[in-house]
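The data below hold one chain only, encoded as structure tokens and taken in the form predicted on its own.
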Amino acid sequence: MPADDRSATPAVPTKGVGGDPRESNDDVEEAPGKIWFRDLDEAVIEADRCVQCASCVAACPSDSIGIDAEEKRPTLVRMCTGCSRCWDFCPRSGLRYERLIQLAGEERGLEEPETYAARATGGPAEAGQDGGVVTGLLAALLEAGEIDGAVVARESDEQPLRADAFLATSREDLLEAGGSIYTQTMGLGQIEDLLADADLGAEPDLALVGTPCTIQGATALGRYGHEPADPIALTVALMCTRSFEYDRLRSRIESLGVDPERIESLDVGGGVLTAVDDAGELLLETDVESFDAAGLRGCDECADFVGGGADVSVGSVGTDEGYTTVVVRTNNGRSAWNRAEDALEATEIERPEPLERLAEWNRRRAESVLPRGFDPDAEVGITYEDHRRAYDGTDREPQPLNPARVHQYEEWC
């Protein structure tokens, strides 16, 4: 991905923020322009700004970045080559996501996005949330042969409330995975593995369903012609102001006297978080703001509530109960939407005022939190040096790497 010319920007006083075994070797000069996973780790992951979109995992051409089995966050699993791609495609470091969204709209967006109030018909409406539109849309596309599979979220069998990435290849798979889960799957970084376990033949076409940050990563990979995006034929963004960190979510629920194991479904709507058991009994109903500490801190830096880089965006804001607000943004999205029209009950509407208000609130929040400037007209790439200048000295500045992982850098960097 073309970024700003790193060589033209004066270097920050110190590369890294301490604890890197390479920093102790004064006899070895680092090659110019190199950005290592270690740099991303300190600036984003150790700084508690990672949004678990897995863009760095997907972007790494040497498969050096994996997903930590316990912490569910990116980690180094083999030698880092310093190619800089993890930095360039991360929406919390080198990817100026607001510029990417503007470019995507200019290059492939409809002249005017189409907005619908919609719900699915039949089984998907019962299995999904808010009318089951995503389930109904994907099921119709699968059955029409328009896609071969869909990367969606499914609740973990072992850890209730934790989302796992799942490759649905049938209507039954989609019905099983229906409903909302409020933790990240890191599915963008698992597409290759999911396909390896499936039998979809050569060059399958997949739909990718994810939060706006996940779609930002997929959109950037596709725009700059990187292979991990090749299977992605359709992107569906789930409108989102924040995802939860799994362990923090469980801890907060337990602090309110509710056993997370009893929760059958969790829902967030109208500023209220509710949880019910498998009999439909209400276990919890509280202001969602009381769960702020359970959220991923990096979500505060995102102004893209509506998923502006996606083919289709969906959310429950602005339509009646049992319906979903759907925004079709691209010709690709329009084609998919029209192909599935028999499986959906949809009415075109003006863009709802509550949706506009929430999107504006989300943008203002992000601009107030971001140490860097929010500028949709700036270069799409943010250099390491410019990031450090903006973030150093703030409460979001890079943090030293975890000593428990020093061996990774000694061996692989």
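Since we're looking at a predicted model, the values are computed, not measured. The first residue of the sequence shown is number 1, and the count goes up from there.
Beyond the structure shown, there is the form predicted in complex with a small molecule, which is absent from this document and is the topic of what follows.
Within this chain, Arg252 is remote from the site of the small molecule in the model of the complex, having no heavy atom within 4.5 Å. In the model of the complex, the small molecule lies farther than 4.5 Å from every heavy atom of Ile191. Interface membership of Tyr182, defined by any non-hydrogen atom within 4.5 Å of the small molecule in the model of the complex, is confirmed. The closest non-hydrogen atom of Gly132 lies within 4.5 Å of the small molecule in the model of the complex. The candidate spot formed by Thr211, Cys240 and Val314 is fully in contact with the small molecule in the model of the complex: every one of the three has a heavy atom within 4.5 Å. Note that among 277-285, 98-106, 220-228, 242-250, the stretch whose heavy atoms approach the small molecule to within 4.5 Å in the model of the complex is 242-250. The listed set Gly178, Gly149, Gly333, Gly308 contains one residue whose heavy atoms approach the small molecule in the model of the complex to within 4.5 Å, identified as Gly178. For the residues Ala294, Ala343, Ala153, Ile232, the 4.5 Å heavy atom test against the small molecule in the model of the complex is passed only by Ala153.
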